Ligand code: SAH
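Here's a solo chain for you in structure tokens, the form predicted on its own.
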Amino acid sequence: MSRKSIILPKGRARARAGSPWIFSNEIRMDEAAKSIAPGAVINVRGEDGRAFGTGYFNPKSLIAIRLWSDDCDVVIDRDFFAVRLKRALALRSAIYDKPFYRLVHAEGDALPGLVIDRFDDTLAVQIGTAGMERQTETLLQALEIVVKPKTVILRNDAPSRALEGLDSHVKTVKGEGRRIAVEENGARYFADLAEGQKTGWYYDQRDNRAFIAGLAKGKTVLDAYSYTGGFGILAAKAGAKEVVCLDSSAPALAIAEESARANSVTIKAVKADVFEELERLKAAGERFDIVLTDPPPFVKSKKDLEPGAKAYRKLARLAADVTAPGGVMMTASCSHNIPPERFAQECAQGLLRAGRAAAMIRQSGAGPDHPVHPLLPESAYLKAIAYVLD
């Protein structure tokens, strides 16, 4: 096989300890390497001749190499994808009784740069890297073999694609579906796969939604950053006395109201800036038995860590201010750039500034359809903490 190789100089590259990522400052970026087209499949070898495996390379990206395999000269073709997709499918089929889940979670399923959410016979495919972009047609062929979907939508509009030199687009490559139904935890939701955030739905909070629903009977619930009502609707279905879904997106709240009707429950949808509305609720003396905050990422990059951490601290304080005595407050972060310890610290400081004593009753992340590469802890992005407040 005639395939170019990237050489790792002696040093402390994380790949030597098994990481599937190799950064641009860890490789020999000579003229030969610079001449390799972004996204090309390459072999990775050490100066000492050690084989690190098969990966794809992008000289434009900070993460210059993402490894497919720890063997060199692996053929990346339809059969390669089919084998990995079958393995991913087998795991989800063993866990879930209905085909609604994240089918592929990037490095956690040994398919770097790829996320696929499954909604029965519809797939939302998100490609984030030049290396995976070059394999799009091969991937689609493999999906036909393994899943046989009726509809496939490419949600290639994540801002991170710009870091790989890629454009932003949404395209339906098979079928015609956009609005679909989602079945989760015994509830029926709706999602817009073409216009909604990310792939259109957040499967990562499935288990956390079920936890909150288990506490919700007879309680008042505030679902802040509700998006399309994932937490709030399930809480209402579980017997909550009152549910308020708070979000700044009118289209998302419209879908939440539609989903509520499909489940024969009632929610109150409030369109407002969350920080401003929490301040207003506090001033009005409003309190809820359960308060949820699941914001968009406040720390989108490492340079955002300090202002983002401050925002999480403030959000925890404001959420605590509107949580009733003996109530439950749960807050989440989907920012992989804030470590779990720092997130927990900021939440604790927010509670302290609100003057509330609290007991942590749950720390969690995403569900098992979001597997994490054991040597890539940053892929465990979701953090959720629940407290009982005095």
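Not measured: the values here are computed from a predicted model. One rule holds for the numbers: they count along the sequence shown, beginning at 1.
Keep in mind the form predicted together with this ligand is missing from the figure; the text below concerns it.
Taking heavy atoms and a 4.5 Å cut-off, does residue 230 contact this ligand in the predicted complex?
-> Yes.
Answer with yes or no whether residue 209 is in contact with this ligand in the predicted complex, where contact means some heavy atom within 4.5 Å.
-> Yes - in the predicted complex, heavy atoms of residue 209 and this ligand come within 4.5 Å of each other.
Would you check, heavy atoms only and a 4.5 Å threshold, whether residue 294 touches this ligand in the predicted complex?
-> Contact with this ligand, yes.
Does this ligand come within 4.5 Å of any heavy atom of residue 197 in the predicted complex?
-> Because a heavy atom of residue 197 falls inside 4.5 Å of this ligand in the predicted complex, the answer is yes.
Using a 4.5 Å cut on heavy atoms, which of 249, 263, 185, 136 is close to this ligand in the predicted complex?
-> Comparing distances to this ligand in the predicted complex, the residue within 4.5 Å is 249.
Which of these residues, 288, 101, 202, 81, gets a heavy atom within 4.5 Å of this ligand in the predicted complex?
-> After the contact test, the surviving option is 202.
Among 102-110, 221-229, 306-314, 164-172, which stretch has residues with heavy atoms no more than 4.5 Å from this ligand in the predicted complex?
-> Comparing against this ligand in the predicted complex, the contact stretch is 221-229.
Within 4.5 Å of this ligand in the predicted complex, which residues of 357-390 have a heavy atom? Give them in sequence order, or say none.
-> Result: empty, none.
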